[in-house]
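Here you get one chain, nothing else, as C-alpha cells; it is the form predicted alone.
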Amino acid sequence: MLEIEGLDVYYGAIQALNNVSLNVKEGEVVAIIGSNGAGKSTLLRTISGLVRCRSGKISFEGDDIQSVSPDKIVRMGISQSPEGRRIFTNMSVQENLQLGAFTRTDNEIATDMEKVMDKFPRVRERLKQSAGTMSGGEQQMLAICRALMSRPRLLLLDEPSMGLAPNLVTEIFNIIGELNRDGTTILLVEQNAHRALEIANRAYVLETGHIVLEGPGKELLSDPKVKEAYLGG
C-alpha cells in the first residue's frame, strides 16, 4: 500500500531523515518507534505532503505522491492524526468532525459521523461543546475521529498516547486495534514502545534519522537492543 525508498529530508542544512526505506502492506499495523528527535513525526509529515523530501520516492497504491499537495493526498486515502492533537479549540466538536470530511462530496458524511462516534462515545457526549474545553484524552479521541472522517485507507497516527493517563492509553490502543480489525491500515508513530510493539504486525526503529532495526512487533519486543533503549531494560 505504502512504499518509501531512500528518503532524505532536510530542515535547512540539518538532515532529519537519511536514506529511510519502509513499506506498509494493506491491513497491517506498522509501528515506528524511536526517541525524541529521531525523525518520526518528520516521516509522517513527509508522507502527508506537509514536508518535502530532497530525494527518494514515496508511493501509495502504486502512485508517486512525493510532489502531491496535502489535500490531494487526503483525497487519495491517507489521513493523519497529528502529534499534539491540533484540534480547532475555538470550534465545536461537531465542527471539528465536519472539517475532517472537507474533501468529501458524498451524502454519507452524517452516517460516518455516527459510526466514528459509536467507537468514541465520549466524543458524542461532547458534540455541541467547544473542543478546547475537552480533556486531553477526549481531544486525542477527537483528533482520531476527525482523521477518520475522510474515510482513509491508510491512517497515520502520531503519538496518540502522549500525555495521557494509563487507563486512557489502554482505551486508545484498544480502539486502534478495533479500527485495524475493521479494515483500516495504520502507520503508528509512538514513544510508548511496549504498547506499539504489542499491537504492531511489523515495526521499524528510527534513530537520528536512520532505520536501524525492523521486524515483527513481537520479535522486537524481545530484542536486547530494543529492551535496553526503549523498554527500560
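The numbering used is simple: start at 1 and walk along the sequence shown. What you see is a predicted model; the values in this text were computed from it and never measured.
What follows is about the form predicted in complex with a small molecule, which we do not show.
Proximity of Ala16, Ser35 and Thr42 to the small molecule in the predicted complex is complete: all three residues have a non-hydrogen atom within 4.5 angstroms. The small molecule in the predicted complex comes within 4.5 Å of no heavy atom belonging to Glu95. Although the partner is absent from this view, Glu83 contacts the small molecule in the predicted complex, with a non-hydrogen atom inside 4.5 angstroms.
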